[in-house]
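Okay, here we've got a single chain as structure tokens, the form predicted alone, with questions on binding and movement later.
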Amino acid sequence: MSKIVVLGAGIAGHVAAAHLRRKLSKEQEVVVVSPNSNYQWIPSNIWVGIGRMKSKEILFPLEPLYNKKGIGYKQAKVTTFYPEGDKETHKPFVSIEYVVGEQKGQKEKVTYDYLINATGPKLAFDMTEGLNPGTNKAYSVCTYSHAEHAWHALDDLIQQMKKGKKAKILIGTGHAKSTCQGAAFEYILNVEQELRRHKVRDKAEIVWIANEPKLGDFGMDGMLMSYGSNIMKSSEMVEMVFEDRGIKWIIGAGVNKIEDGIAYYENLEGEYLSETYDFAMLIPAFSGHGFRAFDKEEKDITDKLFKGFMIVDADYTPKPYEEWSVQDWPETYQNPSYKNIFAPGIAFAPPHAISKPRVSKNGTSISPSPPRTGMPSGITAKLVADNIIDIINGKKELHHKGSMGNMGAACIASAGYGMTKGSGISITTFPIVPDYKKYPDTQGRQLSKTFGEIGLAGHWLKMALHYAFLYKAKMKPFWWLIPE
């Protein structure tokens, strides 16, 4: 009998646990460790953040589902890794600390035969001075509770605007190294449409602020895409959308400090500037959780497991941008030192950024970190689960592979909520990490598989995916037929 422990119950962790439980016999034990009591469909947080959905519509409790499906569940946070065990426990284990109930504060050693680290990122608000959700008029949509708070504040501002107040709204990234520009992009378009719906758009100045060197970079070095019968750069598409919506933009901006209604930033020209606002939603930097690891003699071996995020089968050799290659990116998400440990989704350490790194004239790095959210998280989680299943069934080689350098992704960005007046921007890209050698004339991507569309159908598709993926996450009949 094997015991597989999954750390985290977000998209990657939940997908991995679901596939493991479905495909393995009941003799094999699957255990999820997560400090969260609920599963949340994170892409719909933006709709909570504009008051169009309630939190209960995008989440469900984990424990009843896991009990029903035969998945062990511990509501706890992992603190330390012991991949060789210690002097008392000879099996590898993780040390966890319970976060609720009578067991709150208690620690436990959870042994494993295979470990999937799907802990995702730490929302590192503390990396930007004063950026704390709900303070200084700045908010977040990174969790459903953050999104709820954002909506309450935005709704209050809308009511003031209905009484004649003029306001400035600032949305984008809150750190020079932030990723997840896509979530902020969706939110700014949804906020703009809600202001029109409430008939206060003329009272608002809306400003996009981001660390991107160009609009539409999205931490992916931008893209050249098919748009209808035309060929268009993603920067041109986003500029077209922003101009149509009357949204101003500030790019190449590394926000470094937030005060009450003021965002301070440095730009690539080395200028130190500020922007005032009445409401802001700024995506924080993402970081690793600061986990420590020890061998059986209690010697610190953190550097064997972590490089901020978890080390996997990537090429981490420092290289200049000109030498970056899709071959640098991992394929199996297996730790090279401990072959029974895997890290899909955001939990793995990327070998380098995807966008060309840029520094200001003062030497400050202002450049998006690489995104690994959404579709890539689900795909990599499933392939990790399938490889563990193969190993348990006696196969020695890892046959399931998927690099972001040969993997495509589809993103449906909401551009406004509404069954008749809504809008969505549907974008597919292949590969996620541009391959400039294979596709030298199309900015590293295959043009036939990299395209964008804008319209009402995009909103319907985004809504359909909301219900489909919640159905899948609840492991309802034939859930596995819905692709990652």
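Nothing here was measured: the structure is a model prediction, and the numbers come from that model. When you see a residue number, it is the position in the sequence shown, counting from 1.
Quick note: we don't show the form predicted in complex with a small molecule, though the next part is all about it.
- Please pick, from 452, 43, 431, 416, the one residue with any non-hydrogen atom lying within 4.5 angstroms of the small molecule in the model of the complex. Among 452, 43, 431, 416, a heavy atom within 4.5 Å of the small molecule in the model of the complex occurs only for 43.
- Item | Candidate from 350, 252, 374, 405 lying within 4.5 Å of the small molecule in the model of the complex - any heavy atom | Residue within 4.5 Å of the partner: 374.
- Report yes if all three of 36, 78 and 291 come within 4.5 Å of the small molecule in the model of the complex by some heavy atom, otherwise no. Yes.
- Which of these stretches, 229-237, 103-111, 338-346, 214-222, has heavy atoms within 4.5 Å of the small molecule in the model of the complex? Selected stretch: 338-346.
- Message: Can you tell me whether residue 11 touches the small molecule? I mean in the model of the complex, with a 4.5 angstroms heavy atom cut-off.
- Response: Close contact exists here: in the model of the complex, residue 11 approaches the small molecule to within 4.5 Å, heavy atoms only.
- Close approach of residue 178 to the small molecule in the model of the complex, 4.5 Å, heavy atom: No.
- Does at least one non-hydrogen atom of residue 173 fall within 4.5 angstroms of the small molecule in the model of the complex? Residue 173: no contact with the small molecule in the model of the complex.
- Evaluate residue 71 for contact with the small molecule in the model of the complex, applying a 4.5 angstroms cut-off between non-hydrogen atoms, and reply yes or no. Because no heavy atom of residue 71 falls inside 4.5 Å of the small molecule in the model of the complex, the answer is no.
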